[in-house]
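Okay, so we've got the same protein chain twice, two forms, each given alone as structure tokens, structure 1 and structure 2.
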Structure 1
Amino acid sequence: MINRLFTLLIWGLASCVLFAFGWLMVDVLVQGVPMLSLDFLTSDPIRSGRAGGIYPIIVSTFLILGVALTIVLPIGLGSAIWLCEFSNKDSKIVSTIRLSLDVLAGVPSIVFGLFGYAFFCGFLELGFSILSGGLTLACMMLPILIRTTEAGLAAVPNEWRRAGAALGLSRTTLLWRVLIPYAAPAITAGLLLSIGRATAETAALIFTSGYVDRMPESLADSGRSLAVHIYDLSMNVVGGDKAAYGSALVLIMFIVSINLLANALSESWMQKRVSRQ
């Protein structure tokens, strides 16, 4: 009886989550699909976003995310590899770094926004720009990517490392041929989690990339992301709810597409590595 009640409780909680998610998706689809059109995706906003499209918003979102990924990928992967493979895991410095990363991963985004405004916009004099927004998002994404990648590398059996050393493999070859392919699912998961948080971010970008909804000419220009655009239409623009729903649907489609693409690339990479071995 206890097992049945516990199973029923688990199914009930899972059903509540699925119901809430389904309700949200149905609401966005019902309200957002009528707004989707080629003109909506390729034209500029008009009347503060009440009319027109979101083309400059999409471009700004891609540019901000591109800046963040350019910083995050080499630094995040390199830091995770150093923490897992080249550092003394029992040292106080490494323990402090891990604790700091865990704390940073849970810091509210508004704190990162204030930091980005003070440091990137003010101290470095980058102003409200796509570059400031991308660098701020990179600070938010790094802790998640580093910790998940490190966990994936730590899950590789130590016997594989000893076998590689016995075969005379260099540490670089062992990393590239064995450890990183094995940790590819964890790396992909960390990357997707960090991208999902960055793409849907609002508070941090309001203080760094700004509100401007025109087409950016360079990374030094201010640009409005999709999340900020949705927030502005919902909270500050009277009659902007329909455009907000359309923008929200585009944002969801963008995040789903990134997830599918990352999973496909990860599986393809794994299959190629396995076939070569």
Structure 2
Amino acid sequence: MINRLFTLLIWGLASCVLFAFGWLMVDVLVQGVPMLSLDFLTSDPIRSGRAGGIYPIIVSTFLILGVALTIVLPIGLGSAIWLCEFSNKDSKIVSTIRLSLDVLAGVPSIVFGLFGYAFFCGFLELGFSILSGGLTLACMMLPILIRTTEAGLAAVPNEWRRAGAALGLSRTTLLWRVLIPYAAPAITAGLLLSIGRATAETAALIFTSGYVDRMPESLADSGRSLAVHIYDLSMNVVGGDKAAYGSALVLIMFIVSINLLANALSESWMQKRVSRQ
């Protein structure tokens, strides 16, 4: 009897979760889909976004992401490779670095926003700009990217490192020819996930890349990201809800496809690893 009730409880809890998800999704779809059109994606916003489209906002979003990736890719991948392949894992410094990265990965995005506002906008005098926003996002993505890349490399079987060393291969060759190609899907999946998180980010961008909804002329110009656009439409623009849902749908579609891609990649990688044994 109790067993029966418990089964019922578990099914009940799960259906509640499904219900909440369904509500959210249906809401976004019902209100968002009517907004969606080629025109919406390719025209400028009119009257603070109540009408018109989101073209400059999409451009700004990608510009901010581009800046962030340009910075975070070399530093993040390089740091991860060093941590996994060259560092002495037992040393105190390395474990402190790891812990700091874990902490940083959990730091609220608004705190990154504070830092970016004070440092990039203020101290470096970049002002509210795509550059400031991108750099702030880079700081936010860095720990996530390092940790996922490192995990991908660490999952490469150690026997190949030993085999490489026994053949007198340099570590550079081994990394470039064997380890990185093998870990590439996992590294890409980690990268995609951090891109997803960065695209969803709002709090870190409000005070760094700014609010302006026109087309940015350069990287030093202010630009509004999609997530910030949704926030602004729903909070500050009366009658902006429809456009907000349209933008939300675009944002979700982008992030979901990135996440699906990441999942497919890491799943195929897992299969590759299993079939190797």
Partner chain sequence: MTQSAGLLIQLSHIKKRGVDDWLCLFLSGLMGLTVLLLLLIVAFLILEAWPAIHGDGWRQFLRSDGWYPLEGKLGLLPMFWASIAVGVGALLVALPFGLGSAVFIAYYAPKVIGKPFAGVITLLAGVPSVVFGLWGLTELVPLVNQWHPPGASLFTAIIVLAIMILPTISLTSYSALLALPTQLQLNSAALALSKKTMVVGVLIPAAWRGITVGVLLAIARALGETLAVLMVAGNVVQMPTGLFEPVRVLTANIALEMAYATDNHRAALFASGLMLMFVVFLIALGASKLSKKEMSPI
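Reference numbering: structure 1, starting with residue 1. By rigid core we mean the largest C-alpha set that fits within 1.5 Å across both forms. What you see is a predicted model, and the numbers here were worked out from it, not measured in a lab.
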- Note on the structure: Structure holding the form predicted together with the partner chain is number 2
- Task: Let me know the CA shift of residue 6 between structure 1 and structure 2 in Å, rounded to one decimal, core fitted.
- Result: 8.4
- On a rigid core superposition, how far has the CA of residue 258 moved between structure 1 and structure 2, in Å, if you could check? 3.3
